[in-house]
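Single chain ahead, written as structure tokens, the form predicted alone.
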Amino acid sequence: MQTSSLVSRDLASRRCEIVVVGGGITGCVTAYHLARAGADVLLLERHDLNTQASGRNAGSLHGQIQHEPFLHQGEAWARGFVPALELMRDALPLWDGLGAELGVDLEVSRRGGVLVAETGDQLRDIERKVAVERAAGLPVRLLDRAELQEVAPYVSGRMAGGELCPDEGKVNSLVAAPAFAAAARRHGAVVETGVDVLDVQRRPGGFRLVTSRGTVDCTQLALTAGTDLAAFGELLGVRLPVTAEPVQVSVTERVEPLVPHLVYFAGEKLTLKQAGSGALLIGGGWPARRDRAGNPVLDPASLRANLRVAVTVVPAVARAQLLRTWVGVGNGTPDQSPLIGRVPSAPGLVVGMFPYMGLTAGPVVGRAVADLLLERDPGRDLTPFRPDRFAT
């Protein structure tokens, strides 16, 4: 992972063309494309790079509508989510070539994702979701019990069937954002970590950022720090209702090849995949808790439930020794769609954030943010993602 060695000096009273706030995948991709275009860009991160949502997830590359919100919000919501789904769809093939482009092995593997149903009712729910996805052009297909066993013989024989999404996969989330940041620096970007942005002020012709290491004036500002977007929005008079909920992920010892796919379960929260090292990564959004000081900490009840679900779906998981569990952040929006675009009430401000599955969409979202800042056509309609759509 990238470390605080990127911190070089106090910012004093610096001036630059563009400031990107947030050192996760979206911010680092944005800085990379800006620097490649020759822009004067400064990226600021409060902690180290990649230490929040982008680096603490299980590394899933998603390409389908997630089943839990589909169940809770319905088919009309799912059809409205299709523009966001298209961002993920377009990002997936980009991941295949990014390792060579950045000069880093990102451990990308796209062998497909399998959503597993245990009961006939669950399979019928999946069938409804598949219909929406196929209408949107996704190459997904419904699997009966026999087809599921043929595709994923490691899955419990009790399962009734499922869905195959052939484009899904995994990436090493620990290295992706830092690789973009390093490439951005090679192209001339300045990347500063350990910088807390204390205030953001609108000024004639741009913005002034008051930080823990000095002030920065810029003409344009990109806000990509998902966890802090709501607070930054308040400073600028823009409602950006982004939540930050603690979630946890677990990893086992290395085991023999077992799970080639990204596995989900229609009955309860689950993502299960096997890293290139052989370790099993078990997640799915099970909540962590907060201690009395408000710090996110492990929730043992969530851990037990997550492991129970994993073993229910893939019984051989029970033979693997658990090594550790860590707490990450799940950033969300009220409609579960991204915030991408300029903010008309704050000229020069661009927002970029994709809820829950931001790692997957990062290469596309960061590029779109950079295009907006460079006044280039992003090549897609970003209207559904207007950051000010929640204004009252």
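Keep in mind that this is a model prediction, so the values were computed, not measured. All residue numbers are counted from 1 along the displayed sequence.
Quick note: we don't show the form predicted in complex with a small molecule, though the next part is all about it.
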Query raised in the report: If you check in the predicted bound form, is residue 228 within 4.5 Å of the small molecule, heavy atoms only?
Result: yes
**Report entry** Contact label in the predicted bound form: residue 232 to the small molecule, heavy atom within 4.5 Å
**Finding:** yes
Query raised in the report: Any of the heavy atoms of residue 330 lying within 4.5 Å of the small molecule in the predicted bound form?
Result: yes
Query - the small molecule contact in the predicted bound form: residue 46, any heavy atom under 4.5 Å - result: yes
**Report entry** Single option in 367, 342, 67, 56 placed near the small molecule in the predicted bound form, where near means a heavy atom within 4.5 Å
**Finding:** 56
Report task. Name the single residue among 240, 266, 247, 218 that comes within 4.5 Å of the small molecule in the predicted bound form, judging by heavy atoms. Result -> 247
Requested in this report: Would you point out which of 289-297, 152-160, 196-204, 127-135 contains residues with a non-hydrogen atom within 4.5 Å of the small molecule in the predicted bound form?
Outcome: 196-204
